[in-house]
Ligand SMILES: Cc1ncc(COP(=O)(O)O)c(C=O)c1O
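Next up: a single chain in C-alpha cells, the form predicted alone.
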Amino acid sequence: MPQDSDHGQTIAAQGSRIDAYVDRYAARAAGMVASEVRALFAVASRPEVVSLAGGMPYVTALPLDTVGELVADLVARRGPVALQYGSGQGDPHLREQICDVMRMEGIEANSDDVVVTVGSQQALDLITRIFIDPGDVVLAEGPSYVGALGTFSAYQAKVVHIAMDAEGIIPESLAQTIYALKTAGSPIKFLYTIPTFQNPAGVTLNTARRQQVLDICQRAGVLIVEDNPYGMLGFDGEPMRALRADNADGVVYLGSFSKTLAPGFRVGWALAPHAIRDKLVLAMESAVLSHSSFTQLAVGQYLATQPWREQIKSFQVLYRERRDAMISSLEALMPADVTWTRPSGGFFVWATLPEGLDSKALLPRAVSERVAFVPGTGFYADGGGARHMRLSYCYPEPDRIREGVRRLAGVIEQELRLRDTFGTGSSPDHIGVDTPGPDLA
C-alpha cells in the first residue's frame, strides 16, 4: 500500500533521533548532559588503573563491625520507628546532635534552624530551587565544585567565577565583580563558596579574608552559601572558624556526614535563617515527602554511642599521610613547569600544566598509561581550566599514589616533548557544565 509521504517523513525524522522526547523536555533540561569524561572513567575504574580522580572517602578505615552491630541494634530496638516515615525537617534529636558538631567550628545554632537533607548535595539543590530564576547570577569560586555547577546549570543560573589564589577568594575580585554586576542590573542571588580545603583547589580562605568576604557580601546584600564538607579534616590544629559563626543572618551553612562518617548514609544538612529554613522544609517535602528515618537514626546512634571525634582524628592522620605521599611524589617526579597547590586538609591537589598542554586532551592518553585524574574544565562554568587537573589522594594507598604520580609524570613529559616538536596544539572545545558522577565529585 502506498505510504503517505508526510507521514513517512515524520516516522523517518522520529526514527533518526536518539531521544524521541527531545522536543518535549523543559528548557532547563538542555544543560543536563553527561560528559565524555564520565564515559572514559568506566575504563579508568579497572583495578590496574591508579585513579587519582575520585573524591571517595576511605570508609574502610571505619570500625565496620561496630557500625554493623549498631545498625542491627537499631532495627532490633527501634525498627518500627526507623522504618517508618519521618519528619520533613529531620529527626529532632539528630538536629540537636548536628548543632553539637557545628559547635566545633564556632557555630552556635538552634536545632529548629537545621534541615536534614539527603547529603549536602540535596541541600544545595533545594537552596538553588528556592532562589534561582533562569538568568539569575550565582557567584562561585573559580574553580568550583563540579556538583554545584551542575545544579546551577540545571536551574539555568548564570555562574560568574571569582578569582582565587593560594589563600582562597580574592576579596578585591569579589567586590569588583559585585559592583560590575549590580551596575549592569544583573541580579545576584548568592555567593557559593567552599572556604575550607576547597574542592577542587584544596586551598583555604584565610582568617583575615573570611571577615572581608563577610563584610563585602553584607554591604552588598548578597547571601553566602557556605559548603563545608571537609572542614573537620584539617591536618594541623583545630577546625577553622566557619563563616556562619560570624553571621547568622547572612549565611546558609551546608554540612555533611559523608566525609566524617560515610557517604552511603546520605545524611547532610542545611543551617539557615528562619525564613529560608521554612522554604527549605517545604521544598524538601515536595521533593521526597520524607527522607530516610533509618539512616538519620543510624547516624544519631553512631554520634551518641561511638567516639566520633577520635574517628575524625584517625581520618585526619590517614589523609595527611596520603597528602604527604602525593606532594612528595609531585616534587620528586613532575617536570619543572608543573605547579600545584599544597592543601592543609581535605582530599584534593589542584595541578597546573605548562603552556600548550590541555588536561582534557591528556586524559585518554593518561588512562592508556593506567592513571586517571579529573580535567580542570569540569570545574568552570565558562570553559576555563584547560591547563588544570584535580588530583585526589583520599582513596588510594600511599604506594599507589606514588605509582600513579610516576605514571602521570611520564605522560606529561611525553606531551611536552610533542609540544616542543610540533608546537602548541589547539584546545578541545568545552561548552557548558559536565554532569559529575558521585565517584568524581
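Because the structure is a prediction, the values reported are computed rather than measured. Sequential numbering from 1, following the sequence displayed.
There is another form of the same protein, the form predicted in complex with the ligand; it is not shown, and what comes next is about it.
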So which of G119, G250, G356, P239 reaches within 4.5 angstroms of the ligand in the model of the complex, heavy atom to heavy atom?
G119
Counting any non-hydrogen atom inside 4.5 Å, which residue from R322, H161, K189, R266 sits next to the ligand in the model of the complex?
R266
So, a 4.5 angstroms cut-off on heavy atom distances: do all three of Y145, I194 and S256 pass it with respect to the ligand in the model of the complex?
yes
So, F152 and the ligand: in the model of the complex, are they within 4.5 Å at any heavy atom pair?
no
Is D125 a contact residue for the ligand in the model of the complex, using a 4.5 Å heavy atom cut-off?
no
With heavy atoms only and a cut-off of 4.5 Å, decide whether P229 touches the ligand in the model of the complex.
yes
Does at least one non-hydrogen atom of N199 fall within 4.5 angstroms of the ligand in the model of the complex?
yes
Would you point out which of 258 to 266, 217 to 225, 338 to 346, 161 to 169 contains residues with a non-hydrogen atom within 4.5 Å of the ligand in the model of the complex?
258 to 266
